[in-house]
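As structure tokens, one chain now follows by itself in the form predicted on its own.
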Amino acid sequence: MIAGGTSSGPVIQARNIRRVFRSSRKGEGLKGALKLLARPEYQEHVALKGVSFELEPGSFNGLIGANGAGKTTLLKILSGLIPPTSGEARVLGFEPFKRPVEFRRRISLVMGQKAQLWWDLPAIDAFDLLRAIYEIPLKDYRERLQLLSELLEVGRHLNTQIRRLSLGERMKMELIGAILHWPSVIFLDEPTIGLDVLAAQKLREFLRVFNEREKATIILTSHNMDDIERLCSRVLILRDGELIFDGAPNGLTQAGHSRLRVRLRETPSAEELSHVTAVPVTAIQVDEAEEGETKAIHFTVKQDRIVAILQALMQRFHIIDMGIEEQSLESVIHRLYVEGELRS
């Protein structure tokens, strides 16, 4: 058994979490439909394959992976919406799927693609309902609402019907509604999805300040690497239901790789460049050229291979310009998804 989380120990613990979804398989046409009724066949999809980790109180953690990697499934297990098929999870010392009242009072789940407030109500009325549901003392409620509305700059919209707000303003209201009860653990599933640059930046700043002030433990899933790089001190990467990386973001970008940038007089394809340099196509990025300029080509490679790659390029092409750039987190994540490993 996993011990319950305390103020001095891990607040979230996962041990060998596995989740399998079972669905019926239908053949084509009427014959397939009749067979489904008479003798249904089932297929299984393994969403999580023995995931294990521990998170400390007050930490800000990024959970990333390609679509279908298991991110949302893991958040649903940790928040108690679905049980694991096997393995064990503890959040704040509770078994999430049992969903005791005290557990529900201390966590929050925000899903960027799903509205959780009542759209036909003004935001202030929705918050008043949440105050009653969570039995928040009136004094605490007023202080929290004032603080949150100031941090998110939405005070002038509190009396506006939620459906009439912009996407960015609605997302801010969703966040306020999710944390009015002051949860100790917050699960955020793509909170900045669909937001413009300014709205996403304001949401990120709010989350950073709230985490620093209130020491809430936060797990954030996002396809936006700006969210991860600017907020998270720890990153967990899922691929095909397996945890393939758990550590600080700079543990990825300092993995011995650099980005070699070159401009050539010629315009070879990525496949031709791969043949000449022996660099995998997945590690070559050919940018779109602006009018009047040649294309920039980026090779993500180990530092000790740069000289050999340049020599190979010079034997075949004319190099106009070159340089070595800092490796971005996004390029590392892309390599992990495509190549399936983190090389050192």
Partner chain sequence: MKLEWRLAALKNGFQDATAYRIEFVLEFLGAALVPAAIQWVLWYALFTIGGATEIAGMTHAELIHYTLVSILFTQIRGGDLDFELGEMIRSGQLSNYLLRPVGVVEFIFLRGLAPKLFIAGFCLALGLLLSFFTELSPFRLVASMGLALLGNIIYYQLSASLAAAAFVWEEAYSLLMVKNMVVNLLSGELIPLNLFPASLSWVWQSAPFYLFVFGPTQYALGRWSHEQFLTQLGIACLWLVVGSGLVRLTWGLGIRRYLSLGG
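Numbering follows the first chain given and starts at 1. Just so it is clear, the structure is predicted and the values come from calculations on it, not from any experiment.
Quick note: we don't show the form predicted in complex with the partner chain, though the next part is all about it.
Three-residue candidate spot E229, D240 and I244; no residue lies within 4.5 angstroms of the partner chain in the model of the complex by any non-hydrogen atom. Though the partner is left out of this view, L130 does reach within 4.5 Å of the partner chain in the model of the complex, counting heavy atoms only. Among residues of the shown chain, E214 is not one whose heavy atoms approach the partner chain to within 4.5 Å in the model of the complex. Proximity of T72 to the partner chain in the model of the complex falls within the 4.5 Å heavy atom cutoff. When the partner chain is considered in the model of the complex, L147 lies well away from it, no heavy atom lying within 4.5 Å. Residues with any non-hydrogen atom within 4.5 angstroms of the partner chain in the model of the complex fall in just one of 200-208, 158-166, 269-277, 230-238: 158-166. This chain is drawn without the partner chain; in the model of the complex, the residue among K76, R170, R259, R90 with a heavy atom within 4.5 Å of it is K76. D120 is the sole member of E143, D120, E153, D196 with a non-hydrogen atom lying within 4.5 angstroms of the partner chain in the model of the complex.
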